[in-house]
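In what follows, one protein chain appears twice in different forms, each by itself as structure tokens: structure 1 and structure 2.
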Structure 1
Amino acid sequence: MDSKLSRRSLLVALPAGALLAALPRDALALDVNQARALIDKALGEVNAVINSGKSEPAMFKDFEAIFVRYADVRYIAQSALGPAGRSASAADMNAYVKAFQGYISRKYGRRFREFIGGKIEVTGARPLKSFFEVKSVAYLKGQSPFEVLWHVFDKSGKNQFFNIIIEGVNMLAAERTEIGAMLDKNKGSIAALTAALKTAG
């Protein structure tokens, strides 16, 4: 299974709003400026890694640290796993979330490595129901600029992003499809899925 995100990916099976139906609508304490500032700060670190000249493994390590700092990793991992996680033990879920963290960092790290020599800049932000959408534009050498959207909330008590949409490819929807397929391949075993995630991405 190709771990790279294709520009013409057909994995956008569900709109972001459908995946967020269960979020409380009155839980937000952050505002649009805070959401934008969060992504501005995160992208400052991403851009620094992109153009650091480091090796791929070193860059992936840096991307994982950024992901942990600015993303609600547990929410993303649980959303990707879906109903299968309800019957999992706390130990199995913690191991799965940790493995998912490395997997998603490598996967999106490879996509961000395509931006070497370029940059991503925030261009705006707006409220969307129970979260905020921060718009950014990626500038790559020799290619037309394209949009990268970030969804931000404070569901866990911290301002964090929980979704990225790169050229229409919705991370939450794509990973729900990807993780579901991997779980099926491993006969529904979360432990086996966790082991597979350690080398995937």
Structure 2
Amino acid sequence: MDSKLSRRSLLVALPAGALLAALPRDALALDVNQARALIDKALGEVNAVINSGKSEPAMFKDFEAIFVRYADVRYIAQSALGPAGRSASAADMNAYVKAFQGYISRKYGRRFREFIGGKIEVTGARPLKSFFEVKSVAYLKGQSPFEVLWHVFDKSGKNQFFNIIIEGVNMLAAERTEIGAMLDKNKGSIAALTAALKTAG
């Protein structure tokens, strides 16, 4: 029964795919300048928060909001969960993604604390595989400048980043390790993992 169903959906999907392929590519696809502009805009907002003179807790809230707006959190969440997500129900998956969003924005929002008193600037962009890599340099108080790379795609239909690489350290790889370890601790239960994520980060 399954195979019949997938064959039918394949038949429906094929002409749609052909139609998409026939459209001029640049009418749809993200280009290198848009990718660069996206990160420029996101970092502009980060720098504005840094210079706003707000209290630290207020700044963290703002950083969280920026993270959620510019990152494809659903993709990052699903990728971090890996094969365990395949057998999960849609409801479990949605609850997990929602909990993951809170967790990751708290975690990385807190990380932005170090940016207070510093700045971060876009220095270049290039196409890479099927997406774009935007290069930036962070100048933090009392530290040597270091490189931060942003991987940008439009898989969800919106231009968003899906990975950050800070001096070689890859956010997706780190989250896959972390979520994998949390899932093990919760004996493979996605519901228990979701509950644990609500207080983690």
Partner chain sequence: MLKKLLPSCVCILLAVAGCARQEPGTEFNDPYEAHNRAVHADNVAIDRTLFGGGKPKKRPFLPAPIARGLANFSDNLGLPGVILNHLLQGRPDPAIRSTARLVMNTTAGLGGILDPATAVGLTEEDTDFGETLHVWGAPEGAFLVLPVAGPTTERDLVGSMVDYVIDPLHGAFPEPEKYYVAGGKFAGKVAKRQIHGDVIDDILYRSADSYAQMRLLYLQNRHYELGIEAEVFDPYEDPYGQ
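If you're wondering where the values come from, they're calculated on a predicted model, not measured in any experiment. We call the rigid core the largest set of C-alpha positions that still match within 1.5 Å between the two forms. Residue numbering: structure 1 sequence, from 1.
Exercise. Of these two, which one is the form predicted on its own?
Worked result: It is the first structure (the form predicted on its own) rather than the second.
Problem set entry | Lys41 C-alpha moves between structures 1 and 2 by 2 Å or more, core aligned | Where the cores coincide, Lys41 shows only a C-alpha shift between structures 1 and 2 that is less than 2 Å.
Exercise. On a core-based superposition, does Phe161 travel 2 Å or more at its Cα between structures 1 and 2?
Worked result: No.
Exercise. Taking the rigid core as the frame, how far in Å does the Cα of Met59 move between structures 1 and 2?
Worked result: The alpha-carbon displacement, core-superposed, is 3.1 Å.
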